[in-house]
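So this first bit is one chain, no partners, the form predicted on its own, shown in structure tokens.
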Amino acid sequence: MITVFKNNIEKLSRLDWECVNENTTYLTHNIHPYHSKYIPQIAGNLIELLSNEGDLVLDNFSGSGTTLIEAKLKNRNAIGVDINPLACLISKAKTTPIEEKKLKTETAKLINNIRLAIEGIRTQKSLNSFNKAETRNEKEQYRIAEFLYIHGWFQPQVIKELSIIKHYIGKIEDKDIKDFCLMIFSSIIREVSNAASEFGNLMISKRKSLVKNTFERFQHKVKDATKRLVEFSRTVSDSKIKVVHKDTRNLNFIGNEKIDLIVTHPPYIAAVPYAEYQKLSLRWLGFSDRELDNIIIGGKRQRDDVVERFNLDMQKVFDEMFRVLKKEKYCCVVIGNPVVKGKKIELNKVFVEMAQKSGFNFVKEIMRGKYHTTMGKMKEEFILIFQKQLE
């Protein structure tokens, strides 16, 4: 079987990694926006050629679940690890099949309850002003959200409708369906906010028009996401997907040499402010974006030692990946070369050195980026393939 994998390594070089004409948003892949994710064909090809059905695949930077979805589609078991609680929610919801009738019944009930509640507040004379009694009653009934600068990021009617939507999602008893609906809720947060749409990072727009259709956007996303999850549930095998909210620098919940294949896409040091991009969803879901930024690899982006800290952390990551991977199996790392404080960091070369220091054998580098990469400013992307050889 190892000989087959060695032959497949050569096949990887002959594949079209640009995927210009490929659909990258099929099934549940496109339910929730997520910055800097890689296209599913990358994970799918690596899983297909470097593992067998029933194998256990690890993505220790699981993000929005791209690797996990592909593993499920290809009848592999998988573990996804991420320190970001929002990422874990998204990954879990996108990879958990739900029985069609139950899902449609529960989401229809949810939409009806929200519609009745929102129609009630929309009949009031003004959506932008409420007397103190009304505000107090609504806070008690719907727990109107409160967090730092919320009134700068969201218009009053949007805050009310989002609070009502979240309130009724919280009443769903089935955890899988509740998580699915919370993911959809998170997916509309930015688009109904006052954030300027032309920027990747969050900036309040001075020309934001009145948002009148928060509920309608949620309703539309529920319909589309339900359709996608139903199709996904009909397509996938009964392989097991586990999402773990942990720090990938310490995979102590995975025993030595338990993993058959690693396919992962680490962060880009300080080039991508992950917590900043997601802070509105994090805050609405009750998580701290500042706390996440402090502990995430590449966090505290303005400090002078950000590259050094990232490198130290990534060495720990490579050590852990080496420990949990079975002998003669492969570790695939997808990365771009970011610019940090005006200097280009050649992570493709740095990662090879780290992997070799951990004990890996460097097998192959595949470069892509002529057309499509995961980052607009990074024109090149590298697929690094390592192997844990027999001692």
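Everything quoted here is computed from the prediction, not taken from an experiment. Residue numbers run from 1 along the displayed sequence.
There is another form of the same protein, the form predicted in complex with a small molecule; it is not shown, and what comes next is about it.
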### Query
Looking at the partner-bound form in the predicted bound form, is I98 within 4.5 Å of the small molecule by any heavy atom?
no
### Query
Is there any non-hydrogen atom of H265 lying within 4.5 Å of the small molecule in the predicted bound form?
yes
### Message
Residue-level question: is I83 within 4.5 Å of the small molecule in the predicted bound form, judged on heavy atoms?
### Response
yes
### T226, heavy atom within 4.5 angstroms of the small molecule in the predicted bound form
no
### Query
Of the listed stretches (48-56, 360-368, 343-351, 35-43), which one has a non-hydrogen atom within 4.5 Å of the small molecule in the predicted bound form?
35-43
#### Entry: Position in contact with the small molecule when the complex is considered in the predicted bound form, options R115, K104, R122, R249, heavy atoms within 4.5 Å
R249
